[in-house]
Ligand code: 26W
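Shown below, as structure tokens, is a lone chain in the form predicted alone; questions about how it binds or moves come after it.
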Amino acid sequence: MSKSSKSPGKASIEALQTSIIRHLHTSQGTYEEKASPEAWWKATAAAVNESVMAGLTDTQRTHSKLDTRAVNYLSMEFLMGRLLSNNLHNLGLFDVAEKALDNLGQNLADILEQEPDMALGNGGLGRLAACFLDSLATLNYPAVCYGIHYEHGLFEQSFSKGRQIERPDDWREYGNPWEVCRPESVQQIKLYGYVETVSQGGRAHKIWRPGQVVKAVPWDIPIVGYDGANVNILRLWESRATDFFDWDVFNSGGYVDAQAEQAQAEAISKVLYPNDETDAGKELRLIQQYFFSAASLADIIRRYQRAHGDDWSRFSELVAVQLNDTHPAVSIPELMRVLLDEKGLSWDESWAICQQVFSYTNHTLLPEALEKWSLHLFARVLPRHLEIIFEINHRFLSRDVEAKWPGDDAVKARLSIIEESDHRMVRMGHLSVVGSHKVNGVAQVHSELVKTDLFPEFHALWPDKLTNVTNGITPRRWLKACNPRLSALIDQKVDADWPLHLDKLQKLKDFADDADFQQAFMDIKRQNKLDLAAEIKALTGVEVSADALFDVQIKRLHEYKRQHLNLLHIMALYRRLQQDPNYDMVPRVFIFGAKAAPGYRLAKDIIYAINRVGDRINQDERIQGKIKVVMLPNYRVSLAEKMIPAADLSEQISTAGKEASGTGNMKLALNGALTIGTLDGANIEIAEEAGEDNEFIFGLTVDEVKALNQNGYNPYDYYHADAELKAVLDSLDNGYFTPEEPGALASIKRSLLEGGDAYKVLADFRSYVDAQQLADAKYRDKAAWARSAIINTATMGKFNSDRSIQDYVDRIWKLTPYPRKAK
């Protein structure tokens, strides 16, 4: 049996119990009869931290002594969720803590609820990074991961009359027991100013004279590997002013002005993804990206020079830097600047190091997500970096591109890092490809589209540069920790080390047709649904039945993810029930979790539509509760951990060719949900593993989407040809769901018809409805559904983030594992 399923020893229970009480007294300054739930949580975390910090010390001492090659993972997001439960599971202390706290009259489940989610990410990009942290530590690979220590993160979401309301997420208002400030590693980050050219030793030398300097203060969060493995570091940078308070101005009565510099500097790490619809927002985003990239590189260089001084011959041998999307792409000219201007290396020496050090993960094919920055903005904020980018581009076009396509200016224009449009722009995706030795997509179909559609000329120029690493998720959090009932059942049938070797779940296929195992599996699903039903009632006031099919769509709100396609199907079912209250359908609860970017008006309108349609349906007694619709507020990791184990049907319905991979699809399938989805992203590989007869595949393929675009797509053709679709769309703008505000939902209809339906919602509608009918029919056959659910859990071994990390190691990073206390 696995560690957490063993009966905990009395001595270990008593030791942890003693430690918790000690920290309650000495760290929290309170006692048992008085302590608040938050004090119990912090005392428990402090007790667990004794093991965490001991592991961190061992790991760092080993890596320093052996002078190991390490990967430095740069990401704007790390969607960590809560750490106490995860750390207890990874340390094998979960049952010990449960017993110790029970002896103290406390409930571990209640204490876990005290921990706020770390608001360091938005969606799949950040959650993937968090899974990679877990796997890097578990597999004993030396790694430091870098991001921003956001004060408020994304935002806390609530609904007012159905509309999304954003509020600051004060996730660390009362402190975070897991993080440690490291003032000895503070970095000075330059911004603005001008570049001066001076002559030194007969050669021109560039000096950046900054207009502003801010401090980057590091906060370290230890990341615990599973079962006694390494403890690595997530280092997050907080921005502060170098002179945060002007004493003289304050004493002369300028109380606000005295803190102006502090406020300006602190804005950098205030919020994840500030609204960039304004010029000020764009500027802050660029500064954020440079701030954490420059601080991280300075830290990497500091660690290298501590062991090697100014000998740069081994830098690329010992340092790998992974750019998670284009957000940290400015790291490339920043490393060039440091090597050229501060360390005195030649251009060729510096560029060779850069290309060997950097690798880049592409997460999207969407043009708007491939960042571009205006030259005017870049020149103002980072003047020296723009000079370096121009030189990189000149050498790339005149050497590499000219050699491959001599005299072809059209190819040069397509490959140029500088986009020569009305407003000249720096293409950060192009910069990332040119400056990296490897570029990877995150699912097989996505990686092929990167080669054929996104960067075809780059692939022709460097056929070995573009590769694939299919995403994965950590089973420690996304099965063992979040679904303890199912984990306990798996323990009975599978080797104890399945959380380390997820392919061993294949053994569950032997029980897929076993009636007793099917019953046990589905009983667990129902218990999880009862738990979620209670959470839905508490959060929304809506009562739902655990006997209904739980249909779940959880992901950020974006048109290409097509939550509005799901909504149209709901409205079609409701219309059928209105016409015939006895319409035969399996009762279904449609459950959404999503946040829309504050400036994304249509996405916010879709949230409003889901809420208003849901209100109308949930209150309509005529349909006898056959449909319930709920959107849970403030979707986050801790809420996902409750929704995913309860899901029967997993909505993965993005337009084919638009979703790079997806990881929610993996989490839901691992927990026994059947996928309804397009042949997009990792859906394809999930269907290959589980078998298409255990999923519900619908819609246009990637090639069919392309053909439809090439031949001319007219959404009105589908609108007029499908009476049910037309009626549903018309109800969006006739005020039926918003009688007090007719036309309040019309923007969705306009986007699909007048707006051209860029994501082919109407083209896929009928196929989607038909696939939903198949899901309805299958759910009626309890044995067939149970078999498919078991097969999904059994075949998700490929989508382990441990496998993803090993692919990165083998194909890109070339690391060696070093366990704690390695000699």
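One rule holds for the numbers: they count along the sequence shown, beginning at 1. None of these values were measured; they are calculated from a predicted model.
We do not show the form predicted together with the named molecule, though everything after this point is about it.
Student: State yes or no: in the predicted bound form, is some non-hydrogen atom of T278 no more than 4.5 angstroms from a non-hydrogen atom of the named molecule?
Tutor: Yes - in the predicted bound form, heavy atoms of T278 and the named molecule come within 4.5 Å of each other.
Student: Taking heavy atoms and a 4.5 Å cut-off, does S85 contact the named molecule in the predicted bound form?
Tutor: Although the named molecule is absent here, S85 would stay clear of it in the predicted bound form, with no heavy atoms inside 4.5 Å.
Student: Applying a 4.5 Å heavy atom distance criterion, does S487 contact the named molecule in the predicted bound form?
Tutor: Although the named molecule is absent here, S487 would stay clear of it in the predicted bound form, with no heavy atoms inside 4.5 Å.
Student: Test of understanding: in the predicted bound form, would A263 fall inside 4.5 Å of the named molecule by heavy atoms?
Tutor: No, A263 sits far enough from the named molecule in the predicted bound form that none of its heavy atoms falls within 4.5 Å.
Student: Does every residue of A646, D648 and L674 put a non-hydrogen atom within 4.5 angstroms of the named molecule in the predicted bound form?
Tutor: The answer is no: none of the three residues contacts the partner (heavy atom, 4.5 Å cut-off).
Student: Counting only heavy atoms and a 4.5 Å cutoff, which of 568 to 576, 660 to 668, 430 to 438, 451 to 459 contacts the named molecule in the predicted bound form?
Tutor: Looking at the other structure, the answer is 660 to 668.
Student: Could you spot which one of R285, K465, K749, R616 gets a heavy atom to within 4.5 Å of the named molecule in the predicted bound form?
Tutor: Contact residue from the list: R285.
Student: Which residue among D134, E77, E115, D551 has a heavy atom within 4.5 angstroms of the named molecule in the predicted bound form?
Tutor: Of D134, E77, E115, D551, the residue with a heavy atom within 4.5 Å of the named molecule in the predicted bound form is E77.
Student: Using a 4.5 Å cut-off on heavy atoms, what residues in 324 to 338 are near the named molecule in the predicted bound form?
Tutor: Sequence-ordered list: D325, H327.
Student: Can you tell whether R414 sits closer to or farther from T278 in the predicted bound form than it does here, judged by CA atoms, where the change is 3 Å or more?
Tutor: Closer is correct, given that in the predicted bound form the C-alpha spacing of R414 to T278 is reduced by at least 3 Å.
Student: A 3 angstroms or greater change in CA distance between D276 and R384 is reported in the predicted bound form. Closer or farther than in this form?
Tutor: Those two alpha carbons end up farther apart in the predicted bound form.
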